[in-house]
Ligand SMILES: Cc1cc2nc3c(=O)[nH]c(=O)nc-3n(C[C@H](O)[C@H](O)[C@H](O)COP(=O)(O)OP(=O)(O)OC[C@H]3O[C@@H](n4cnc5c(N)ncnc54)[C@H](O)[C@@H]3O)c2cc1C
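Take a look at this single chain, the form predicted alone, given in structure tokens.
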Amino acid sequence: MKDFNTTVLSNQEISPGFFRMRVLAPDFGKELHPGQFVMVRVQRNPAPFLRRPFCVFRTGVLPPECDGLPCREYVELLYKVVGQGTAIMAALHGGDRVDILGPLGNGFDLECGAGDVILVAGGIGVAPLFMTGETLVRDRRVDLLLGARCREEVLAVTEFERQGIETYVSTDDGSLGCKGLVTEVLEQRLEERIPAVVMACGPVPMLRKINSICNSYEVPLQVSLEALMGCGVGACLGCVIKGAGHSDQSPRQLTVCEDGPVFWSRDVDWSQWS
């Protein structure tokens, strides 16, 4: 884990309200595991005081002609403007400074046996799945099922397809791909074949439905949970959830930041969101 002040290389609005930020990150990729996240603080503003958590979308290296920089390694973050912190981030430009803490948390378990992998993303939940798919597709078939409310919220399809990941898009309004919920597409795919594992990220109601579907087909599931975080390292206990088997007599509390953000679905008490 590193805490470093770094330079924004670019901050592009890729769809209304959705941004891709690229920042310099020396030696960061060596430590990063797919599915981990970082905590970001915008430097030029005293508020908001707390950092904001973002899953790392991907890492890369700038071409040799990009000289004059302290390093050529970078990370990219996909984010949606939802409040004060992300609104401030959206106003940043190349050359601005941010403070980054990470990599943090536990990512996806990539040693999950042989066989196909199905990635399921809901909207901005696509962010932690790119590096996961990019790694797994080297040795096995990987499909991405990407659901969103409308075509403007369908993100990063081209990046996945360039890696050889077959992508299926569904939108609530039918403006892109098939009309309907991504969970319906997952059921159709599981009817055709049973993969080694499903990996998913998105809104909790979507993940609860995916958990139910995977249980019905006896398919193991890993989920990346989203949560409000104050510290990112398990100290503030602001992102506590109930683990499987939790009760008042035998409590089992998990922190999304330290125990997650990726969990095997069997380790989560899904009734807490019913």
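Residue numbers here begin at 1 and follow the sequence given. Source: prediction; values computed, not measured.
The following text describes the form predicted together with the named molecule, which does not appear among the structures shown.
When the named molecule is considered in the model of the complex, Pro103 lies well away from it, no heavy atom lying within 4.5 Å.
Shown alone here, Gly177 lies farther than 4.5 Å from the named molecule in the model of the complex, counting heavy atoms only. Gln84 belongs to the set of residues with a heavy atom inside 4.5 Å of the named molecule in the model of the complex. The named molecule is not drawn, but in the model of the complex it has no heavy atom within 4.5 Å of His246. Although the partner is absent from the chain shown here, Arg52, Lys80 and Met229 each have a heavy atom within 4.5 Å of the named molecule in the model of the complex. Contact with the named molecule in the model of the complex, defined as a heavy atom within 4.5 Å, holds for exactly one of Ile118, Met131, Ile124, Val182, namely Ile124. Checked against the named molecule in the model of the complex, the residues Leu32, Met206, Ile213, Leu225 give one hit for a heavy atom within 4.5 Å, which is Leu225. Picking from 143-151, 72-80, 191-199, 169-177 the stretch near the named molecule in the model of the complex, with a 4.5 Å limit on heavy atoms, gives 72-80. Residue Pro261 is the only one in 257-272 with at least one heavy atom within 4.5 Å of the named molecule in the model of the complex.
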